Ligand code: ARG
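Just the one chain here, the form predicted alone, laid out as structure tokens.
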């Protein structure tokens, strides 16, 4: 087949196959975006009288047939055509003849590519936002359901103070809500039309860029043609939002892995979201959580990749920027499936609430509440901290918990103690933290309701 390149007039002879393979685009799945951009561009060209109106109409009609061919799987990818843009143009020429050549009027591959990328990122942000909302709502439901179920809270991977399972799960929901805001911010900055920028200097035609922007759903048009074709900060921002989201999921995954271990025993994994061992029949492995944790490295890598690609580029467009789609796809292909599977898996987790309650009161986790008891009776906190530290040592020597010490030990430590100190329990510790942001069951329920309302 004869090569049909968009830039071949200046060259003699053919391209080395190695070069063709090495420079091939990564945009073959973005036909719908490219065709939508071309339709809007053709309509504008016809309206402005830049090309004959009848030929603009033929182009739009021909593009509709090309779109249908893609949808129905009738298009065979031709490597010699280099990228999706050339495929669409060649297929259009096969439909309507020479009029197809007018489509590229007032348009460069540079602003065409920038348009495609912005449309792809915008769509990916919408999908991520919807996926995050679904997972956040799952966590809100679980937060309310377990608003009063105690579990140990940890700092430094050591038992610290009692919290509720609902409070713990809603911590991740809050992180994911901020991730959703990041995707919304990215979408806003990506949603600027670059078409009309030409290769780098603009176009010498009376373009109606606002018309194209309105048809394609862009909120505005670019102010600088060099910036519009040369920068990919919106790709970096998208990769950043993906990386941060995957890191948050990775932390949640780490908790699930720990909770599912025999040492913790806080959760039983659903069979549908676990795997076994090829040699140990008893094993049930948290592979979904482990892979989500592992794939955080991939998401971070996509961010580092696009930033590294951009950092040394002179103004304006350079072929290095072809790599941007790899980073968009790479980040999307990690985060979006992860959000989907976590949304399905998390509601299926079987929490061992009795075990969590039991452990919540161990390892002297009520020590801070006993110190607060003294503070409420007039003792400075630093002094109370020291007094209770001594009681912890005493409990350690007796191999018991603080609430199992005889009252005489408390009385010897401070005259401010009364026997009611022995009534401090996990539930009283939770109930005492009834302030906004606290782990008291009432506050957890309020927080879940507020978050549910915030995500819509």
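Positions refer to the first chain, counted from 1. Computed from a prediction, not measured in an experiment: that's the story for all the values here.
There is another form of the same protein, the form predicted together with arginine (ARG); it is not shown, and what comes next is about it.
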query	finding
Contact segment among 284-292, 79-87, 121-129, 216-224, judged by heavy atoms lying within 4.5 Å of arginine (ARG) in the model of the complex	79-87
Residue (of 113, 91, 169, 328) lying close to arginine (ARG) in the model of the complex, criterion heavy atoms within 4.5 Å	113
Option touching arginine (ARG), based on a heavy atom within 4.5 Å in the model of the complex, out of 183, 317, 342, 234	317
4.5 Å heavy atom contact, residue 161 and arginine (ARG) in the model of the complex	no
Residue 322: touches arginine (ARG) in the model of the complex, heavy atom cutoff 4.5 angstroms	yes
4.5 angstroms heavy atom contact with arginine (ARG) in the model of the complex for residue 109	yes
